[in-house]
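A single chain, nothing else alongside it, follows as structure tokens in the form predicted alone.
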């Protein structure tokens, strides 16, 4: 599928995949696609940064390649590895057969047959459906040396394998980087990208998101769920619930055939929206009822 020609087409493409976004986000996605620039998305966990890459890949019928970042991730783990066990078997087989041409054996050992491609190398390969979507997820979990390597790789969209040479993408992949901002990412890398802060949605947009992702929920229940979660985000919590938790909670309530929220139902299902025991403890007793009353008051017509 061709890339969208307008901002409205970007919104329609994402909406068709169940991803509801505002115009500001649609604009930066459109520009990233049009200009071929990486898109750097920052925001709290659970606000939908990763889902944008998934929705784009599905909407454009492109392959999604995900590099999940973690502490200690290095260039070799992100680009390629050699299949060492298979290489050892090939060496033993050659020795048993009495092969004497060491040069030919070495060339065979360091060929595509023994190459294990990791996400960055996979993203540089041609694809019949067009350039893939490369998701570099939670970049803030890595360290500065990996950022420096990534800066070079994204500048020219190429990687170098000493035994094989330089491999350049025939068409630059659609690159989306995400960060939960547990630390600052270096300015040099950000300058290579278009930037957008993905914030918690307002009430109406979160209701629209919930209706798209949990369409079985009634309008009344959807509004109560969103109002309660948004009220919860104003509390002093260790980890505020994201949109992902709103959707998870609504699905849990549907599985329990809940029609209306109540303090008892909230107490039974807090594990769907809060992930730390200290936060759950804060909502025991009358606190859940207080927040529920606050949420319902915000829904009352003025």
Partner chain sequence: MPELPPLSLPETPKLAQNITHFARALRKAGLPIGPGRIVDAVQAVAAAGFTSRRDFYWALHACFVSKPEHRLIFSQVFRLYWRDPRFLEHMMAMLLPAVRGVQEDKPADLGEKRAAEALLDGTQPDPEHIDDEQGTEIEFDASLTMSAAEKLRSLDFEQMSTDEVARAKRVLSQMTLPVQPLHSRRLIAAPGGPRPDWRRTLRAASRQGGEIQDIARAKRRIRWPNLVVICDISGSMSQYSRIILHFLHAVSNAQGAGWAKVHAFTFGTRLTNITRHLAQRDVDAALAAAGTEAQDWEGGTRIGECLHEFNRDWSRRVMGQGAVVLLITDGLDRDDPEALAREMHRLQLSSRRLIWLNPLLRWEGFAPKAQGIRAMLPHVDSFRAGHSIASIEDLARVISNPEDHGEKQRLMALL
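Residue numbers count along the first chain shown, from 1. Heads up, when I say rigid core I mean the largest set of C-alphas that superpose within 1.5 Å between the two forms. Not measured: the values here are computed from a predicted model.
Another form exists, predicted in complex with the partner chain; not displayed. Remarks below refer to it.
**Student:** Quick one: is residue 255 in contact with the partner chain in the predicted bound form, heavy atoms, 4.5 Å cut-off?
**Tutor:** Although the partner chain is absent here, residue 255 would stay clear of it in the predicted bound form, with no heavy atoms inside 4.5 Å.
**Student:** Does residue 220 make contact with the partner chain in the predicted bound form, using a 4.5 Å heavy atom cut-off?
**Tutor:** No, no contact at 4.5 Å.
**Student:** At the 4.5 Å heavy atom threshold, is residue 295 in contact with the partner chain in the predicted bound form?
**Tutor:** Answer no; every heavy atom of residue 295 is more than 4.5 Å from the partner chain in the predicted bound form.
**Student:** With the partner left out of view, is residue 12 within 4.5 angstroms of the partner chain in the predicted bound form by any non-hydrogen atom?
**Tutor:** No, residue 12 is distant from the partner.
**Student:** Which listed residue (116, 148, 164, 91) meets the criterion of a heavy atom within 4.5 Å of the partner chain in the predicted bound form?
**Tutor:** Here the answer is residue option 91.
**Student:** Which of these stretches, 71 to 79, 130 to 138, 209 to 217, 222 to 230, has heavy atoms within 4.5 Å of the partner chain in the predicted bound form?
**Tutor:** Heavy atoms within 4.5 Å of the partner chain in the predicted bound form occur in 71 to 79.
**Student:** Going by heavy atoms, what in 33 to 61 lies within 4.5 angstroms of the partner chain in the predicted bound form?
**Tutor:** Stretch hits, in order: 34, 35, 36, 37, 42.
**Student:** Does the distance between the two CA positions of residue 214 reach 2 Å or more between this form and the one not shown, the core being superposed?
**Tutor:** Shift of 2 Å or more: no.
**Student:** With both forms fitted on the core, check whether the Cα of residue 109 differs by 2 Å or more between this form and the one not shown.
**Tutor:** Yes, the C-alpha position differs by at least 2 Å between this form and the one not shown.
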